[in-house]
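First, one chain by itself: the form predicted alone, in structure tokens.
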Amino acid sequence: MNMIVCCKQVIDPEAPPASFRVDAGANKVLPPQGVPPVISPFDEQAVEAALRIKDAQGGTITALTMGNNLLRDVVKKPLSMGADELVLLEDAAFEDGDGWSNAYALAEAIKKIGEYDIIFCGRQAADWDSGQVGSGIAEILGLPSVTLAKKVDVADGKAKVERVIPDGYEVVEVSLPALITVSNELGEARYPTIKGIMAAKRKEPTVWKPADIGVDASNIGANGRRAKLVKLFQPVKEGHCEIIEGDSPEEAAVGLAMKLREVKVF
């Protein structure tokens, strides 16, 4: 079973909201000072889904990451968890892409990697939350895809997927090769072991530039965007409090009920 897991280095989503800043002119989020990036938690769960299959029936896992100036201690986490290989698409040309240009670059890299049975992605990236790249990769590669998986079992050339829906889950069977996006309902990703961390430190990733995967820089990253970001801003939250008074608790309660009716809360 050959598996590829797409992982993204992101600003830590657990960073305090007050630490974030937006460059309104450039429409960019400025990385918080002193807060190191992490692998998107949804992508860690995608790694976990692949590892569970590997534990059950063997196989190889290749982690695929894209960006620029990637921190090796961060992007090597899938290796420390148990992945076998790490491929980095690392170049300034890969920066600031949208769902389409990112999916295109990753799909071309997957073609270069070669044989695979399952491609795993997180349900969405923890920074932009758009959830488009996984389905985009499947479309470009001409693969069937299943989104929002909470459990994946593989047998006889097929994957049986428990897929999250608003009122529960449904079971979908898909022929392999296929792409599956993994939801947080899968459960917590495993912690790296000391042995895994040491092995990851010794293992060097494979680094590819745009030319290595046969793409033109005009079709990837910011140059290949098909969506236009009109405005990026931090919302201003304001609250208003009004105290309802009365000579007795009953009178205050009546006043509160009348006020709620006035503002059409009920």
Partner chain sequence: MSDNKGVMIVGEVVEGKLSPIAAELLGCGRKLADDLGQELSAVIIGSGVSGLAEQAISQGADKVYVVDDALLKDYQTDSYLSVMDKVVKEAMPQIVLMGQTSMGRDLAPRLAFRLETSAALDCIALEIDPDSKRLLQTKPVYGGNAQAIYSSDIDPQIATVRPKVMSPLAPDSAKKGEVITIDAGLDASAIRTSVLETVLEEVVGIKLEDAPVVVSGGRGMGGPEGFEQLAELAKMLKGAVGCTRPVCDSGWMPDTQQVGLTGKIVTPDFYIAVALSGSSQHMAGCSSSKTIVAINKDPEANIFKEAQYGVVGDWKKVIPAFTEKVKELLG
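Numbering follows the first chain given and starts at 1. Rigid core here is just the name for the largest C-alpha set that superposes within 1.5 Å across the two forms. Everything numeric in this text was worked out from a predicted model, so none of it was measured.
This protein has a second form, the form predicted together with its partner chain, left out of what is shown; the following refers to that one.
In the model of the complex, Gly82 stays away from its partner chain, with no heavy atom inside 4.5 Å. Pro235 belongs to the set of residues with a heavy atom inside 4.5 Å of its partner chain in the model of the complex. Interface residue remark: Ile165 is counted as part of the site for its partner chain in the model of the complex, having a heavy atom within 4.5 Å. Although the partner is absent here, Gly34 lies well away from its partner chain in the model of the complex, with no heavy atom inside 4.5 Å. Of the stretches 84 to 92, 130 to 138, 70 to 78, 112 to 120, only 130 to 138 has residues with a heavy atom within 4.5 Å of its partner chain in the model of the complex. Counting a residue when any of its non-hydrogen atoms is within 4.5 Å of its partner chain in the model of the complex, the hits in 215 to 230 run Arg225, Arg226, Ala227, Lys228, Leu229, Val230. When two forms of a protein are overlaid on their rigid core, residues whose CA moves 2 Å or more are considered shifted, and Glu14 is not one of them between the shown form and the other one.
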